[in-house]
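The data below hold one chain only, encoded as structure tokens and taken in the form predicted alone.
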Amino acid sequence: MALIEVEALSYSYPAGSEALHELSLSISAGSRVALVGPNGSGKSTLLRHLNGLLQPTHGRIRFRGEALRYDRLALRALRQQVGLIFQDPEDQLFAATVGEDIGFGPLNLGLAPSEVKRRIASAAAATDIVDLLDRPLHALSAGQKARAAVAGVLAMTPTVILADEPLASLDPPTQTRLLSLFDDLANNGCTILLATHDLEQAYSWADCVIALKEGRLLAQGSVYEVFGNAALLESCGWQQPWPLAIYLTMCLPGVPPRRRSELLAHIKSHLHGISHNDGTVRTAEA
């Protein structure tokens, strides 16, 4: 049974514009899922439905086999398990200091002060903001605010993390650390749904991909199935992730590499295999 099931989900905003149309998909427990699509494709709207912030106009969502309910107690229970990292940290952060913001959720669960303190420390360490715990939120940079928002969700120890482009304001080393953190969480059973515009990042990180366009499901499948679909990529104006593009262009053997280091090692091994004894290398035409 899928952990999350979306059945014929449609949603229209009060102004009348339809953001999602007859969307049906499923998400397996412990998976790394990349949610991709052009601007306005419905990525953020879908994530807010999965967290119960929005209620479908039509259709329904199941979590652990049970249809979502929208009363106060049911939503509180859902959000303890399904955490949402907003695209804009300003929409998520509100306390006076970083430490207070991280601890707000655990404190409202009625946990013992010692447990709240432990969760704050653990989440801050995981996001590399231990030295910022006493700092006012208004004094943070954009990247620090993004990490503080992630820490606030981690402190709730959710089983599902919905991340709405959390990497956008982070520098490359911090992006790498956050993706590594998501990997660790997934390896321990947490389900990660990451909305991103970076197709190469999605290709290198995800187990599977959900592609949306204009509120409709274009495709759901492995990174190879989705990013190997030339017609789909063309319909969205996307370029194929370059490790896969180079692999396909060179007609390399074996499983397509997912990361830059893997691609370079793959090419080096392939070239070594076709080298002449005198050390020259045959070209593709030779």
Partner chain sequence: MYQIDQSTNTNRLAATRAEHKVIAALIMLVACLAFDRISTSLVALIVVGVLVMGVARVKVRLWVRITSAELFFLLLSVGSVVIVISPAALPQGVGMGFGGNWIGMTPQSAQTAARLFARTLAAVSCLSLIALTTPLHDLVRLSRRLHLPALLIDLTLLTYRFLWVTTVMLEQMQAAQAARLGNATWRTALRSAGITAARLFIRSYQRIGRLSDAWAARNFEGDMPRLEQHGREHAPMLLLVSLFAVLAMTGLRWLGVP
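Residue numbers count along the first chain shown, from 1. None of the values given here were measured: they were computed from a predicted structure.
The discussion below concerns the form predicted in complex with its partner chain, not included here.
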property	result
Complete contact of A219, E225 and Y247 with its partner chain in the predicted bound form (any heavy atom, 4.5 Å)	no
Candidate stretches 93-101, 164-172, 188-196, 202-210, one within 4.5 Å of its partner chain in the predicted bound form by heavy atom	93-101
4.5 Å heavy atom contact, G105 to its partner chain in the predicted bound form	yes
Proximity of A146 to its partner chain in the predicted bound form, heavy atoms at 4.5 Å	no
Contact flag, G215 vs its partner chain in the predicted bound form, heavy atom cut 4.5 Å	no
Residue contact check: D134 to its partner chain in the predicted bound form, 4.5 Å heavy atom	yes
Partner-contacting position among Q240, S44, N51, S31 - heavy atom within 4.5 Å of its partner chain in the predicted bound form	N51
Single option in S141, Q80, S122, T176 placed near its partner chain in the predicted bound form, where near means a heavy atom within 4.5 Å	Q80
Residues of 66-80 having any heavy atom within 4.5 Å of its partner chain in the predicted bound form, listed in sequence order	R72, L75, R76, R79, Q80
